[in-house]
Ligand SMILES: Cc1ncc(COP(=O)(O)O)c(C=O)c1O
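The chain below stands alone and is given in structure tokens; this is the form predicted alone.
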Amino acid sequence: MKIPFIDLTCQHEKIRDEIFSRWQELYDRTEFVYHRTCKDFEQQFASWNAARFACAFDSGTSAVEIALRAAGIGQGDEVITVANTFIATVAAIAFTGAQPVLTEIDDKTWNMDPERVEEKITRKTRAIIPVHLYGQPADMISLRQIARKHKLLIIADSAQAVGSALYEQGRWNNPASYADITTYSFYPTKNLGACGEGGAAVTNDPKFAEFMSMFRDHGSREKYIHEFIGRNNRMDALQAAALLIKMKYLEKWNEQRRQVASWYLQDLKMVEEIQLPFVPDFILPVYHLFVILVPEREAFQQYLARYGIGSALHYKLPVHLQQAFRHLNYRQGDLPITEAVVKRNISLPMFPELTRKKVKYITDTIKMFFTEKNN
């Protein structure tokens, strides 16, 4: 049996006619760039996230950088985030001229550890960027308390966690309600993926929203009138149209991901060599990825491949040990939990269309690997 790490074909075949029909409309009226369709997407995405404003961008990386700029963060400022993330989170801080400060993760959730954040706060600290990794929100309840105590902003990176939730005071809340600005990526493999590149940010602050909207349009609120130097980071109409269609199915797709995750958890719970994802009671994840920790990862991955099972590493090397951020002067051993997780983590196939039969084939193969290894 062949099971890829991710398969976008099935999902796109089901909505192919809807998307192509909408793209035909846009083509016929030559609406290719940011215009009415993008504004419709912004309005619906803001509402979907229980936010007042949304701003659509050309990528999730742009969303994080421009959110930081909207908050006035730049040269001389420090921003606390994690090294267990895609490099774009940290690069966006560097783009503004601010200093990334990397903190440790929790050894169970693999997200930012709130207890370690306060150790990193200095008089230069302006913001915290929690990353909702693998589709599971960070502990935003605790992080919001820390941010309020120290008068810091929270700019959350929710590139992998659209549709997730936190439980507080008798209700499930969108993680965006705990942050000053929350950013998203619509890279095609995401739970809500475009048919190309895309990103967005949501906020309840009109000043942040106005700056982001202007910056991504050359510092302009009126055509050909420019109040500051910005860039062209707008989303295009074709991506907005695809996202509007996909949003109708997102809750169903996320629920299917949770079902797939439950099969994995059920089948693998007795395999002692594996550390499974840990989800606190107050978190509702959306399982963008299903990540486990295993010993002898290279041999494990090769074994899966031998049986036709795809996998991936998220991520091979933590940001603080990347050549690109050598100037930050972090060394091996500075973030021991992060480093230990990155050495052992492996992402199993995860997409909504995975069937029970396929998941069982994967988990049976995993059990077989450890049985053979222990005999």
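Please read these numbers as outputs of a predicted model, since none were measured by experiment. Start at 1 with the first residue shown and count on from there.
What comes next is about the form predicted in complex with the named molecule, which does not appear here.
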(request) Just one of 56 to 64, 40 to 48, 334 to 342, 319 to 327 has residues with a heavy atom within 4.5 Å of the named molecule in the model of the complex, so point it out. (result) 56 to 64
(request) Go through Gln160, Asn254, Thr203, Asn111 and name the one with a heavy atom inside 4.5 Å of the named molecule in the model of the complex. (result) Gln160
(request) May I ask you to choose, among Met140, Ile105, Val131, Ala261, the residue with a heavy atom within 4.5 Å of the named molecule in the model of the complex? (result) Val131
(request) Report yes if any heavy atom of Lys190 sits within 4.5 Å of a heavy atom of the named molecule in the model of the complex; otherwise report no. (result) yes
(message) Is Phe86 part of the interface with the named molecule in the model of the complex - any heavy atom within 4.5 Å?
(response) yes
(request) Verify the contact flag for Tyr34: yes if a non-hydrogen atom of it lies within 4.5 Å of a non-hydrogen atom of the named molecule in the model of the complex, no if not. (result) no
(message) If we define contact as a non-hydrogen atom of the residue within 4.5 angstroms of the partner, is Gln136 a contact of the named molecule in the model of the complex?
(response) no
(request) Between 314 to 331 and the named molecule in the model of the complex, list the residues on our side with a heavy atom within 4.5 Å. (result) Tyr315
